[in-house]
Each structure stands twice: as C-alpha cells, then as structure tokens.
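Take a look at this single chain, the form predicted on its own, given in structure tokens.
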C-alpha cells in the first residue's frame, strides 16, 4: 500500500511514468524467468546491489536539470572508495570516516561547479578533465584492489532498521535533500537556470549559484553512493566507478530527465536505475550465450532510452509552451 501511494503521488503526473512502466514490465518478465523474483529476499538483494547507482543517478539528474552534465561522478566514487578504505586502515572509526568521505565527494562536486558555473567552463569538457584527474588520484592512492571495511558497516548495510532494509535510508538521504530544496524558491530557479539561462539571468536568477548547488548535490549523492557501494563489496578498488557515470546519465534519461535541461525529476531516475539493474539480472539469468549478453543488454537499453526520450520530448515541449504562456518554468511535476 505504501508503494502504491508513493507511485500515485509522485509518478502519475511526472516524467517518471515511462521508467516506471519499463521497470515493472521487466520485473514481470523476470518473474517468468525466475519465479522467485518477487520474493522479499530477491528484492532486498537487488536493491542492495543497485543503491550506489541510484544515488549517482539522483545526482546526475539534478546536474542535467540545471543545464549541465557531470561525467566525473564514477571516478569520484573511485576516489572516495579508496579514501574510505585507507581511512579505515589507518584506524579511523567508521563513524568519522564516512562523513569525511561524503564531505570529500561534496567538495569535488563543488569544485566542478566552480569551474563550470563560476569560471563558465563547458560542463562536458570540465568534468571529463576532472574524471581523468580523479581516476589518477584513485590509482595513486591504491594501485591495486584491497583493504576491508568494518564488519559493522557490512552488517548494517545488509540488515534492516525498523523493519526497513537499511539501503532504503541511503537512497532517502539525497532524495529528501532534493525534495526539500525543490520546494523552496531556489528549486524553481534551478529549473529556470536549466531551461533558459539567459532568460533566467534577466529575471534576476543567480544562475551560477543554482548550478553550483546542482554539482555540489551530485557530489553529495556520489558520497552516499560510495558508502553504500563500499559497505556492499567490503573492500577498495580504484576502478570501481569507471562505468558508473554513463550508467547514471543513461538512467536519468530513461527516467525522463531532458538533456536540454530544465525538465525532469529524480523520481524517474530512480526507476531508470532499477530498470538498468533488471536488464543485467534478466540477461544473466536467461542462459543467453556470453557472446550475446552485451548485445542483448544494449538492445534493451537502447529501446528503453528511445521510448523514454520520445515521451520526454513530447511532455517537455508541452511544458515549455505552457511555461512560456504563463511566464513560469518547465519542470518535472
């Protein structure tokens, strides 16, 4: 019932609809392939595996809404992962190491924001350069995988709190921050900055400040995702985030976030991430030849993205026409 109320409130009138439909369609397909796919144990395990990507997708979504793009989130996770492992190995208690890790990724996100929003660098080129730097730092700190986390971290991550899987609280951290921000005047201004920066600036919107928040939020989300991922795998790996940036951006697009900015919401990104996770589960459990697995995954992903983008373009154009007539901004709800 709680899930039904959530979907009714957050999905019906948002850009999340295609991602929700895609997710539940694949979940149904997976049920016929794996009859136990709807069991609590499977769903909890599936959520545990995909929490990090969900967190990154929320961060990537907000940056895209603000009119930018951040392809350094994956390498950012790599840096934070090895940093967290090194802090724990040096004797730092996890209660201190975890906040330091999240602060580090938030600082990296804010640095990206300064370069893009204040110094007006191209977000694509700037974050590409940043991703190279972050990848190099991760390899410098930990050239080969290793280390371990405190047993309490793994136990908490795989456990529950008040009967709710602990991973849900990792997802709620960035989700609640964004929803609270979105309800303020700054939320509207961020959409305006992403939709039409010149028009927003002429309307007294502090465009650099809104973009700076978006990149800082992405860094914060990456930090939460790193803690979840590190708790899940229990060790450090300097290449762990190599593919995560594009996964997060793809999930955001599937979730209805427009790459042109100013339209969408993170709710769709969450379901986009779950859709990507289900693709992997279905392909691996359907006994498809290993030579065809990547091809089949790519086809499903491509079809999902095409459908979501067509829906987003149609809804986004209507929203922008409505915003132009009413003097408002295009957004996801």
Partner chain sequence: MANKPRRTLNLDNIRIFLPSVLAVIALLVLGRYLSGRFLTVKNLGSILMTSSILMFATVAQNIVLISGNNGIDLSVGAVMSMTALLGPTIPMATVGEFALAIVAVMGMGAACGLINGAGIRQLGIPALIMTLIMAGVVTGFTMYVTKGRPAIELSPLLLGVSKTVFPMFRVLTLAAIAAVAALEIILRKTRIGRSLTLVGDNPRAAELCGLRVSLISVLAYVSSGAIAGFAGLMLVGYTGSAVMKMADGYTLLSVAAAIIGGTSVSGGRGSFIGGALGAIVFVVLNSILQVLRIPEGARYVIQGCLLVVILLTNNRSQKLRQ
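Here the rigid core means the biggest group of C-alpha atoms that line up within 1.5 Å when the two forms are laid on top of each other. Residue numbers count along the first chain shown, from 1. Because the structure is predicted, anything quoted here is derived from the model rather than measured.
Beyond the structure shown, there is the form predicted in complex with its partner chain, which is absent from this document and is the topic of what follows.
Contact with its partner chain in the predicted complex, defined as a heavy atom within 4.5 Å, is made by all three of 125, 198 and 294. Picking from 272 to 280, 39 to 47, 64 to 72, 23 to 31 the stretch near its partner chain in the predicted complex, with a 4.5 Å limit on heavy atoms, gives 64 to 72. For the chain shown alone, residue 234 is not a contact residue for its partner chain in the predicted complex, no non-hydrogen atom being within 4.5 angstroms. Heavy atoms of residue 102 never reach within 4.5 Å of its partner chain in the predicted complex, leaving it off the interface.
Proximity of residue 149 to its partner chain in the predicted complex: non-hydrogen atoms within 4.5 Å are absent; the residue sits far from the partner. Proximity of residue 172 to its partner chain in the predicted complex: non-hydrogen atoms within 4.5 Å are absent; the residue sits far from the partner. Contact with its partner chain in the predicted complex, defined as a heavy atom within 4.5 Å, holds for exactly one of 177, 129, 107, 89, namely 129. Taking a 4.5 Å heavy atom cutoff to its partner chain in the predicted complex, the contact residue among 155, 119, 161, 96 is 119.
Contact residues in stretch 247 to 279 (any heavy atom within 4.5 Å of its partner chain, taken in the predicted complex) are 249, 250, 259. After superposing the rigid core, the C-alpha of residue 68 moves by less than 2 Å between this form and the one not shown.
Shown in the overlay between this form and the one not shown, fitted on the rigid core, is a CA shift at residue 45 smaller than 2 Å. Here residue 304 counts as shifted, since its C-alpha moves by at least 2 Å between this form and the one not shown after the core is aligned.
Relative to this conformation, an increase of 3 Å or more in the Cα-Cα distance between residue 25 and residue 297 is found in the predicted complex. The distance between the CA atoms of residue 300 and residue 243 is at least 3 Å shorter in the predicted complex than in the form shown here.
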